[in-house]
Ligand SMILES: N[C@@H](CCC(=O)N[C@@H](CS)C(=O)NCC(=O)O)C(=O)O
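Just the one chain here, laid out as C-alpha cells, in the form predicted alone.
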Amino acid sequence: MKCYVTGNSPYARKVRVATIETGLWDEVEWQMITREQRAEMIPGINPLGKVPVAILDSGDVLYDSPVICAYVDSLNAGRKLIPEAGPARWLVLTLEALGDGLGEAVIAASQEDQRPGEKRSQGVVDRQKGKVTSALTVLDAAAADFNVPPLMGEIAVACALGYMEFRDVVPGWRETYANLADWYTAILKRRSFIQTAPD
C-alpha cells in the first residue's frame, strides 16, 4: 500500500498512528508531500483533493482517514483498534466521528482566522469555535473512561487535539478541560504520537 500524507494533517496523522499501533508501519510506502504537491498531485487520485489517500497493491484507491484506518485494522492480526462487533464497535466509531468533527471545526476556525481583514468572517470563526467548545466539554466528561491503550476513537481525538494545539485555536484549553488534558498528556508519551508529532 502506498499512502500520501502531509506532515501536519490530523487525518494523515491518524493513519500514521494506526499503522504504528498495529505494527504495520513498515508495510506502507509513505509518500510525505507538501501542501503545494497535494494541490498538484492529489486531485488526480482523490477527487476531493485531500489527504490521506491510499493506493492498494491492487490499484484500488481508499480515502479518507476512517476508511484507510479501518482497512489497516482489517490487516491487523493483534488487538483491534475497531472492535469487530457489538456495542463496543459503535462506541469506538462514534468517538472517532467526534474526534474527526473536532478536527474539522479546528481546521475551519484556523483557516478563517488567517484570512485577511475584510475577507475574514467573525461569524464563521465563532460558529466553528462553538463546535470546538462543545466537543471539548463532552470529551472532558468522557476522558476518564477512554480506552488504554487507545482504540480508533481515542486516536482520532488525540490527533485533533494535537492539531488544535499546533494552530493554537483554543489557548489555555488544558486548564479549562483538565480531565481531557491529563489523558492527552499521557497519550502523547506513546511512541506512535511521538513519532508523528506535527512539525
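Numbering starts at 1 and follows the sequence shown. Only a predicted model underlies this, so the values are computations on that prediction, with no experimental measurement involved.
Beyond the structure shown, there is the form predicted together with the named molecule, which is absent from this document and is the topic of what follows.
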Is it true that K129, G162 and R167, all three, sit within 4.5 Å of the named molecule in the predicted complex, judged by heavy atoms?
no
Using heavy atoms and a 4.5 Å limit, would one call I107 a contact residue for the named molecule in the predicted complex?
yes
Would Y11 count as a contact of the named molecule in the predicted complex, using a 4.5 angstroms cut-off between non-hydrogen atoms?
yes
The named molecule contact in the predicted complex: P149, any heavy atom under 4.5 Å
no
Hey, in the predicted complex, is D140 touching the named molecule, heavy atoms inside 4.5 Å?
no
Pick from 45-53, 149-157, 167-175, 131-139: which stretch has a heavy atom within 4.5 Å of the named molecule in the predicted complex?
45-53
Can you tell me which residues in 59-87 come within 4.5 angstroms of the named molecule in the predicted complex, by heavy atoms?
D64, S65, P66
